[in-house]
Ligand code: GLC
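Take a look at this single chain, the form predicted on its own, given in structure tokens.
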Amino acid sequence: MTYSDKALIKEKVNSLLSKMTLNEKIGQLYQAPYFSDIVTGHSFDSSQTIKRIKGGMVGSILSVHDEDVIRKLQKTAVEESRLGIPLLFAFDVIHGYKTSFPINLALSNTWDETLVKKIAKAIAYETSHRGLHLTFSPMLDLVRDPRWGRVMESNGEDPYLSSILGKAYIEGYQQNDLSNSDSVAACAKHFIGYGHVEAGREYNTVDISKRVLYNMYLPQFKTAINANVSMIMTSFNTVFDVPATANKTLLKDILRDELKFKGVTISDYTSTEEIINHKIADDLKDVAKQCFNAGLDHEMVSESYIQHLNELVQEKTVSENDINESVKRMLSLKYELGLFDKPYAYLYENSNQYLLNESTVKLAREAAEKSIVMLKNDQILPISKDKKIVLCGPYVDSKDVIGEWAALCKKDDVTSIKEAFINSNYSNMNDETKDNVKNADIILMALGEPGSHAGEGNSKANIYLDKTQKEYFDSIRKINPNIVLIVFAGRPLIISHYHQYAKAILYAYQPGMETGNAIYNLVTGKVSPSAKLTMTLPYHEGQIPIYYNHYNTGRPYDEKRPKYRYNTRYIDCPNEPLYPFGYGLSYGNIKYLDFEIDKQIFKKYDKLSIKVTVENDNQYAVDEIVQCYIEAITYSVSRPVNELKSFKRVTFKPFEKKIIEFELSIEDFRAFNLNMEWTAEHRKYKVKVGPNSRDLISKKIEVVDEVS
């Protein structure tokens, strides 16, 4: 069935619901664990799962990936439970199932929604051919603190870019037809504010104003809902001092009533019972009452619903009609996936044939090439074939470049940098001896942090490369300063020291299985770097949180008086980051020339046409990500110094000049104002274009959007 069969699905769901007991209904609201070698949270007891499936007390299964186990559990549900309702199998497939793509933060550096959609489609293909129906992706958390380990799963620090890429993930996973057995259902997470945790510490407190919530954190989820995302997962944190999992304001007032979400809401792993630790619930019975009445449909792993919802209905503190509505949403998703007609459709003989296909691996290489950011290049790259190079550093032959949340991706499938050079028969590659280092034209050095240092539960206060690697870098540069540094990490690290001394820097994050081939193609000039940062790189950890779309202060920093005491500044560190949002170099020489807008006064029903002439003034063919921002010069509340509103990834031939056009509408100027009205007001703005959020050219415009 496709999304167009809503009427038929509704009829089937109502018919089935009429046959269900209260306990069977409650069972559809429980996601059970089962024995698995991949556990994404606390240990659990799954010994009762088979018995519960037979009793119709399980709606979905978490983290099982073994096909034989999936078939056994599905067979138990379909053939041994009273009503034969099929199970839905969910797995954390975040940046690859078997083919490992770059971590999501790295993928966002491509600014390429078409590529992201292709990747999500490829991931869905592998995932669906191993018996799975749902992925807990995309993550839409806005991230501003690199100490938080889960920045690796995000699309970075900008709500507009995250909205664009989130939509691409959803469309790639779901393909607008969940009954297509090559697709999987998508779950947008985490609702909401999880990336705003204090001190960057996992599961920590979130304190956020309503206006910031609406202006910065909700737009991505609104876009996901408009893209028909199947499920939304709650976050672990509090919002307005109430845990998101039991937060009626979030789940009913905003998500259901304002954003009109019709799909399934699900808790994160045991986040329901954790409201006891948040000190708003007495026990599991209280947990069930609060979470369900707040609007949470589906409970992951915790057992408050299956233990207490029946009792709460009898006590009339939970409505069975509300339970019916939650069950309808869950059953509707299963019908859309085609599980009632073909419960085993996602299970194949010899399913390995659908994994690591040549076209998918090629896509992984393209993704890696487009996601690695060149931060510095003192005319040392690209490397010509006649240059003598030494490959060195702990990560030059390492396969620990996949990153966390990698499902069944294996390090054995990774091509390291050293392997890529050997496979390419690079003739001037020398071993790391003192003489070779001294006489080399290029030192290609790979440093980084282990994959296990990022991801859930891996917050770090110290986000520097470890002392041993710094000492190693310094020992090499004293012999030969011609270092091309490659950094592998799951987060932005503090690399100010390396910025000072390296001749070139490629920030690779964790690029996945095609790491070596991508690095080889980039440093030898076969491909030009094109990626741009979607998360600011700090100069010093004392600046954190640091992000481009911050507010101005009443005493802004004055570049003409850098040592003036009474303004917003550090006395021991620059205000500015080491590298700003949107920054990244290529082998081109990109120049931003003429800039035009077609109106001086812009009204509610107008379109604003923007044209900028961009030139690639050298012999390399390159891609440039041209960015368009706005700034409210005045407004009824403070607004960011820059707000990204559009971008285009443009290919330039050598010495080619192009006119790049953007079109903005009144929506691009609007925000929630002092009275929480969605309006641009009648104000003056700046429209800006450029290669990153710092180096912009601008023009002023008057915008008229009076609130009636």
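Sequential numbering from 1, following the sequence displayed. All figures in this text were calculated on a predicted structure; none of them were measured in a lab.
There is another form of this protein, the form predicted in complex with the ligand, and it is not shown here; the text below is about that form.
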So which of 98-106, 568-576, 182-190, 627-635 is the stretch with heavy atoms within 4.5 Å of the ligand in the predicted bound form? 182-190
400, 463 and 491 all contacting the ligand in the predicted bound form, non-hydrogen atom within 4.5 Å: no
Looking at 70, 62, 29, 644 here, can you tell me which has any non-hydrogen atom within 4.5 angstroms of the ligand in the predicted bound form? 62
Picking from 522, 300, 122, 610, the single residue whose non-hydrogen atoms come within 4.5 angstroms of the ligand in the predicted bound form is 300
Spell out, yes or no, whether the shortest heavy atom distance between residue 546 and the ligand in the predicted bound form is within 4.5 Å. no
Close approach of residue 233 to the ligand in the predicted bound form, 4.5 Å, heavy atom: yes
Can you tell me if residue 269 lies within 4.5 angstroms of the ligand in the predicted bound form, counting non-hydrogen atoms only? yes
Going by a heavy atom distance of 4.5 Å, is residue 133 a contact of the ligand in the predicted bound form? no
Residues of 84-114 having any heavy atom within 4.5 Å of the ligand in the predicted bound form, listed in sequence order: 92
